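A lone chain, given as C-alpha cells: the form predicted on its own.
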C-alpha cells in the first residue's frame, strides 16, 4: 500500500442505540424507527459537534441490504434529509456486505486524499428488524455467492458458515479448548456492553455468562457447532463521523486533541464465488492487516486497543489471531485468560463488539471507527481503556461476508 499523501483525520463521532431483541424498549409488534430516523439522528449528532454544517463538502453512506430489508434504494438521498444545508452536496452509497461501513471509511479517506473534499460526512446504517429472522437469514446470504452456496447452505446461512469454521477449529485445536474461548468471548462482550447504554446487550442480566456461553450446540434447533450466544443479534442503527483534512478540521472548528489521525489502512477483496480454503484462518483479513501495518510502519506490539468484527464468537477469536497479537491457534486461551478485557493485555471490543453492542450490518464498520475515536481521545466513558504512551494506536477490522471484503484501519490521537 502507498503512503497517504497528506494527513487525514476523523472526528465528531456519533452512534445511535443498537436496537433489537434484548433492549427492554424493543417490541417486535410496536412501531420502530426506520432508515430516515436513524440516519437523521446520527447525522444531527455529528453536526451538533462542528461549527457549521455548511462546511461539509460531501457525504458517503455504507449500507448492505436496504433494498430488501426496507424496500428502499437511493440511500445518498437521505443525507440531504439530515439538514437542508446538505442539499446538492455530492453523496455516495457503498456496499460490501457486513463490511459496508469499512468501505465507507475507505471511500471517505480516498476522497480527502484526492483533494476533492476537505470534510466528508461518513455514515453507515442498517434496519433489519423488518422481517422474521429466518427470512433475514436468507437476505443476509447475499453476502456470499447466493447462486452456488445458498441451496446447500444452512437455513441460517451465515451462522452455518461460521459453525463450519468452529467445527474445523474443534477438530484442529480441541473442542473443550475452543468452546471455553468462545464462551469467554461471549461473557466479555456482554460484560462490556453492560457499561454502554447504547449497546443492544446493555440490559442483559444473565448471571453466569460463561455458563451460558458453554451451552452445547444443538443442531436440531440451530447449528452443528454454534449456540445462540455465539451470534451477534439482528440490529437496527446508524453511526456517523467526519473525515477531514487538516484544513477541514480547522473549517469545522475541531481541535486536534479531539480527533484521531489515520496512520494506515488496508482493503482486500477475495473471490465471493469461492468458500475459504482454510476455515481455521481469516486469510483476507490477514492481508488487510498486513497492508495497514505496511502503510503505518507499525506492528501488533504497538497496538493499544482493538475493534474486531466478531459477528460470531469464533470470528472474534480468528480476528485476534489475524492481527498477529497472538499466534495461530492461541486466541481461545488468550481470551479465556482475560487478556482481551478492558484492563487486559490487549483490550478488545471495549463497548461490546458485534456480539454485545449489536451488528447493524452496513453500519458496524463506522461504529467501530466512532468507538476507536472515543477511546483514543479519552471519551469512552465507563468503557474507557487506558491508552498507554508506548502503545497509542487502535486498529479496527471491518469484514464483509465469510472473510471476503475486509478493511483494516489504524488510528492514533491527532494531538
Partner chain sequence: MTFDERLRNVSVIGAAGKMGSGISLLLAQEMAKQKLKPENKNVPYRLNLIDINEIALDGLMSYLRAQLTKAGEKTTVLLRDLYRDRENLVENYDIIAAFVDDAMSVLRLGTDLNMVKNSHMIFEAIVEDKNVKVDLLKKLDRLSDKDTVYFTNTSSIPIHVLNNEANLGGRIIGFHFYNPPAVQRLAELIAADRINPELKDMSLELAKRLRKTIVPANDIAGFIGNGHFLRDGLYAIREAKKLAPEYTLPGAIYIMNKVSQDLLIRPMGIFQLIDYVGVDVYQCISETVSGYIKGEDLKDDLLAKMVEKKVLGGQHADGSQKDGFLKYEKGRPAGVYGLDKGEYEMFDPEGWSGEIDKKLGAYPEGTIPWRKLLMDPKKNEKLSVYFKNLNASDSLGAKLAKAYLKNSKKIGEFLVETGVAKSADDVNSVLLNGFYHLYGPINDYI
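Predicted, not measured: the structure shown is a model, and the values here were computed from it. Residue numbers count along the first chain shown, from 1.
The next section is about a form of this same protein that is not shown, the form predicted in complex with its partner chain.
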Among the candidate stretches 299-307, 216-224, 263-271, 73-81, which one is within 4.5 Å of its partner chain in the predicted complex when only heavy atoms are counted?
216-224
Could you spot which one of 137, 326, 117, 249 gets a heavy atom to within 4.5 Å of its partner chain in the predicted complex?
137
Identify, from the list 195, 110, 180, 150, the residue with a heavy atom within 4.5 Å of its partner chain in the predicted complex.
150
Although the partner isn't part of this model, could you tell me whether residue 132 comes within 4.5 Å of its partner chain in the predicted complex, counting any heavy atom of the residue?
yes
Although its partner chain is absent from this view, report whether residue 154 comes within 4.5 Å of it in the predicted complex, heavy atoms only.
yes
Mark residue 175 yes when one of its heavy atoms lies within 4.5 Å of a heavy atom of its partner chain in the predicted complex, and no otherwise.
no
Close approach of residue 68 to its partner chain in the predicted complex, 4.5 Å, heavy atom
yes
